[in-house]
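Next comes just one chain, in structure tokens: the form predicted on its own.
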Amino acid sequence: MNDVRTIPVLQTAKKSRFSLRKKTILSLCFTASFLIIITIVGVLCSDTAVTTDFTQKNFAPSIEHLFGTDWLGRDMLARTLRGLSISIFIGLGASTVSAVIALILGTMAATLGNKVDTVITWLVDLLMGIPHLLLLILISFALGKGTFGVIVAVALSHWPGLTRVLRGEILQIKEEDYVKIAQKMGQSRCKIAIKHIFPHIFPQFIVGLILLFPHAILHEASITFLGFGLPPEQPGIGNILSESMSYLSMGMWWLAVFPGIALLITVILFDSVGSNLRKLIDPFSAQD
């Protein structure tokens, strides 16, 4: 009788998990599609974002200009979308490089012995002990600022956390029986890493890569806002917010409010993509 009574309960739990998975997939598709649309529209608005029209300057938000115009008559909606697309491209490049560095160093630390592990762990602790923004500014300034300096600065400063996570995952996998059997059969460390370790940590690598995006975007905007990032003529979100500071006292609040909200929404959407992807890969994370 007890087994019969548990059948409806199991079916209900199964339906609940299927419904949750379906909602997660829909949310993931929606947020990813929205971000792709923002990026594409931002690229298409590249010319409009820098076009000046002094007959339209300092206009408040209206139907014609949803985000208003600035002191040069440039449409703030086009500039905001262009700035977001620039931030997304920079975040994509920097996060990818940073994640690859984390994968390489995490694998080396977990597979090449105690000495290598000690050196890499010390390097991770050293970089995580330095104030993040200060490290970004120093690297970007040393490389002459600009797009290249920003990408390198973000890439070289965001890998320690993911390295630590991947190192821990690989150390656990190394204790599995199939890895020990492969070692006793004489397989090389490189072959074991490619065949037995990488396939198991690839989901964590992808999730970690996506979760680096919001940090990369925010830090790019931060150092650009402080004058150590993108050049002033490039309509990055950091430049837009920095320029708006001089006009807030004149009542032109829309120059900072709308770009700031758009940046915040973009960061939240990227974080949502990473969280939903983690739920699909590891369903137990949804219960945390």
Partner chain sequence: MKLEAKNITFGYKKSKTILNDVNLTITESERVALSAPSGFGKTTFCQILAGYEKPWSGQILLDGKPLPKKGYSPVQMIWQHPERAVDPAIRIGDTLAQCPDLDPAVIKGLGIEKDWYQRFPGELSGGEIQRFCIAAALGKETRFLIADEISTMLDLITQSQIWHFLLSETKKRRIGMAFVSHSSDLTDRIATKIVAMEKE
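Basically, rigid core = biggest C-alpha set you can superpose within 1.5 Å across the two forms. Predicted model only: the values in this text are computed from it and were never measured. Residue numbers count along the first chain shown, from 1.
This next part talks about the form predicted in complex with the partner chain, which is not shown.
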property	result
Among the candidates 132, 164, 196, 145, the residue which, in the model of the complex, approaches the partner chain to within 4.5 Å (heavy atoms)	196
4.5 Å heavy atom contact, residue 115 and the partner chain in the model of the complex	no
Residue 178 within 4.5 Å of the partner chain in the model of the complex, heavy atoms	yes
Any non-hydrogen atom of residue 126 within 4.5 angstroms of the partner chain in the model of the complex	no
In the model of the complex, residue 104 touching the partner chain (heavy atom, 4.5 Å)	no
Options 179 to 187, 72 to 80, 107 to 115, 211 to 219; stretch whose heavy atom lies within 4.5 Å of the partner chain in the model of the complex	179 to 187
Heavy atom within 4.5 Å of the partner chain in the model of the complex - qualifying residues of 58 to 78	none
Displaced residue check between the shown form and the other one: residue 218, CA, 2 Å or over, core reference	no
Cα displacement of residue 100 between the shown form and the other one reaching 2 Å, rigid core superposed	no
Core fit, then residue 111 C-alpha moves 2 Å or more between the shown form and the other one	no
